[in-house]
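What follows is a single chain, given as structure tokens, in the form predicted on its own.
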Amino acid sequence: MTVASRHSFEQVAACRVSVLRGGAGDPLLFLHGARGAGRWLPFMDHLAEKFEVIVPEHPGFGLSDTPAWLDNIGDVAYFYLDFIEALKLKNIHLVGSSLGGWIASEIAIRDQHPFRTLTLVAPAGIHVNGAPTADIFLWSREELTRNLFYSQDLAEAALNYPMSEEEQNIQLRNSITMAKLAWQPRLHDPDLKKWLHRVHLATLILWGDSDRLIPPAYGPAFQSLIPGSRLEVIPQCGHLPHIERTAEFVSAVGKFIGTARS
């Protein structure tokens, strides 16, 4: 079933932010990774059969403004707390992928009261000794695309997708903002590890077993830092389980939230 989505702009904290929404039910706030969230994708459609799916583009990404106050991931975390208050959201299922998982973690250590569950999908945000993350800032577009996926058929399809000039400009803008937020230190906040013990939400951690960007070893590391969290590893999957293994991803998130509700 295809769920109709709608696009709007919301003005929050002196930032005009682009938002996709679809479905009905408990709100599920999805925070995207470094490549942005300019399109309504199949996994969103499936989740929207059970939830009201809300997909904002982070400040500095896509069609959203780049506000003067945007300096670091902590700024984005506080922005989303303002965003949630402005939209009067409550009982939220918070889901974040990669960069979005890092942002979700930073939100949760600051304020958990608006949320019912937390799902982190191959999140950045911490450093594990002996398991370096990839230096995505050195990869070409082709290297990055191929390394995102276990399935090289999917990588080929992504590389062959005809991007418009506008889409190319948006990807460049996304890359600039990503570098601003995560260049130094690379892809992590040295202080985040110290505070993840504050997360007492029901938490699911999902990882692809063939992730070349953030190694699967980071899954157990996150699990050890978030009390009572669950880790699920998806086989034959790269860095984007929601894209590459949509059925498994949607099933895992749906079952987890269903269990957390009961």
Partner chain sequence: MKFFFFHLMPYAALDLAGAAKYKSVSVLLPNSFYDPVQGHALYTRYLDEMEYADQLGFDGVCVNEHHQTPYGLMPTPGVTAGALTQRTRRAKIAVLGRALPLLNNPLTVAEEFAMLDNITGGRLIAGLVRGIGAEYHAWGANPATSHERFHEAHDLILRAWTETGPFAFEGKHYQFNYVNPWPRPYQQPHPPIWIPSQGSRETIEWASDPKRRYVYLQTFSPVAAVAKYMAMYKEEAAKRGYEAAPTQLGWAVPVYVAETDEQAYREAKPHIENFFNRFLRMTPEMLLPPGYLSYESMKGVMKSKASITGGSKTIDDLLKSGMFLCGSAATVRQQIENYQKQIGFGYLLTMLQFATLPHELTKRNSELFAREVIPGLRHLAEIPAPTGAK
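Quick caveat, the model's predicted, so the values are computed rather than measured. Residue numbers count along the first chain shown, from 1.
What comes next is about the form predicted in complex with its partner chain, which does not appear here.
Asker: Can you pick out, from Ala157, Ala179, Ala86, Ala131, the residue that has a heavy atom within 4.5 Å of its partner chain in the predicted bound form?
Answerer: After the contact test, the surviving option is Ala179.
Asker: Judged by heavy atoms and a 4.5 Å cut-off, are Arg6, Gln11 and Trp40 together in contact with its partner chain in the predicted bound form?
Answerer: None of them does, since no heavy atom lies within 4.5 Å of the partner.
Asker: Does its partner chain come within 4.5 Å of any heavy atom of Tyr161 in the predicted bound form?
Answerer: No, Tyr161 stays farther than 4.5 Å from its partner chain in the predicted bound form.
Asker: Is Arg141 close to its partner chain in the predicted bound form, meaning a heavy atom pair under 4.5 Å apart or at it?
Answerer: The answer is yes: Arg141 has a heavy atom within 4.5 Å of its partner chain.
Asker: Is Glu165 near its partner chain? Define near as a heavy atom within 4.5 Å, in the predicted bound form.
Answerer: Yes, Glu165 lies within 4.5 Å of its partner chain in the predicted bound form.
Asker: Find out whether any non-hydrogen atom of Arg116 is located within 4.5 angstroms of its partner chain in the predicted bound form, and reply yes or no.
Answerer: Residue-level check for Arg116: no, no contact with its partner chain.
Asker: For the chain seen here without its partner, which of 103-111, 132-140, 88-96, 145-153 has a heavy atom within 4.5 Å of its partner chain in the predicted bound form?
Answerer: Result of the contact check: 132-140.
Asker: With its partner chain taken in the predicted bound form, which residues across 170-184 come within 4.5 angstroms through any non-hydrogen atom?
Answerer: Residues within 4.5 Å: Leu172, Arg173, Ser175, Ile176, Ala179, Lys180, Trp183, Gln184.
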